[in-house]
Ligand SMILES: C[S@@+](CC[C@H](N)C(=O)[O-])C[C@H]1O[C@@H](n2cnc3c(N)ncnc32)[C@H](O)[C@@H]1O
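As structure tokens, one chain now follows by itself in the form predicted alone.
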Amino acid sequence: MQNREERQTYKDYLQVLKECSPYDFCEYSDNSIDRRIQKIMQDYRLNLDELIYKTRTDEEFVELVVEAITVNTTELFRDPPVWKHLYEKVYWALKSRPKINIWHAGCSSGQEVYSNLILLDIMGLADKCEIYATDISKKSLEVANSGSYKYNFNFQKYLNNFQDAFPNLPKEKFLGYFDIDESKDRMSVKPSLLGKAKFIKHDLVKQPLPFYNKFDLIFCRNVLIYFNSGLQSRIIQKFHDTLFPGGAMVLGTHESINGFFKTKFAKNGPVYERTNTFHFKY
């Protein structure tokens, strides 16, 4: 474990990064940010003084640092019980609405977005949905826009997730949404789903929202765990203000809301519903 002086040194670096770029990671949790800065130094064989100098003088390097700090793992139909709950409960409750607005905040490389689009298409809801997906990482958004992922390493895990979430649906349902080229190690989302979500570069911490929409459902999974408690509260408040009455948010399985916000959301399974006069009728 790092001592106080070492931890403060990393905080000093984050202040330099804030001064030299549009990005502010000063309120990320200490443990996660420290590990990622250490890895950057190891990968580029830099000590802290060299890292600071390169950050001050090399704009392209700054973007690489941001990519390294914000890297996030994701997969198709990750945490199957969440998708099962969305299928059996949440989307049936929203089905009667003439339009459904959805925001994926911190969408990473897009697998969650395409998981959602597949589910919505299976339920016949995709055409009535307006879907926005935002992330701070330009590189991740490029992958998300392409809808193309590695096949050999990931396919079986993705298929298992789908079958665990929807045991009554045949695997052909899942297969029908992808073009697979084993020789190139690629599985690509079919053109019918490409373009149905709007992918937008956005810094959830610093920038105003890039849209004026209110939302029925907000996904922000495995993002808040990288923030300190104060920043988490501000982001949750932002989500609350952006939700329609009766709207809900989906967090990561190891994320939760605390304190004051327990009065503003009611937890139903993995979903946090904004408390008001309307509730999902399960």
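In this text, residue numbers run from 1 along the sequence as written. Everything numeric in this text was worked out from a predicted model, so none of it was measured.
Note that the form predicted together with this ligand isn't included here; everything after this is about it.
Although the partner is absent here, residue 152 sits far enough away that none of its heavy atoms falls within 4.5 Å of this ligand in the model of the complex. Within 4.5 Å of any heavy atom of this ligand in the model of the complex lies no heavy atom of residue 147.
Heavy atoms of residue 222 reach within 4.5 Å of this ligand in the model of the complex, making it an interface residue. Mapping the unseen interface onto this chain, residue 188 falls outside it, with no heavy atom inside 4.5 Å of this ligand in the model of the complex. Comparing 71 to 79, 168 to 176, 91 to 99, 154 to 162 against this ligand in the model of the complex, the single stretch with non-hydrogen atoms within 4.5 angstroms of it is 71 to 79. Here is the short version: of 28, 61, 244, 44, the single residue with a heavy atom within 4.5 Å of this ligand in the model of the complex is 28. Contact with this ligand in the model of the complex, judged by any heavy atom within 4.5 Å, is made by just one of 209, 205, 143, 122: 205. Residues 106, 107, 108, 112 are the ones in 96 to 120 with at least one heavy atom within 4.5 Å of this ligand in the model of the complex, listed in sequence order.
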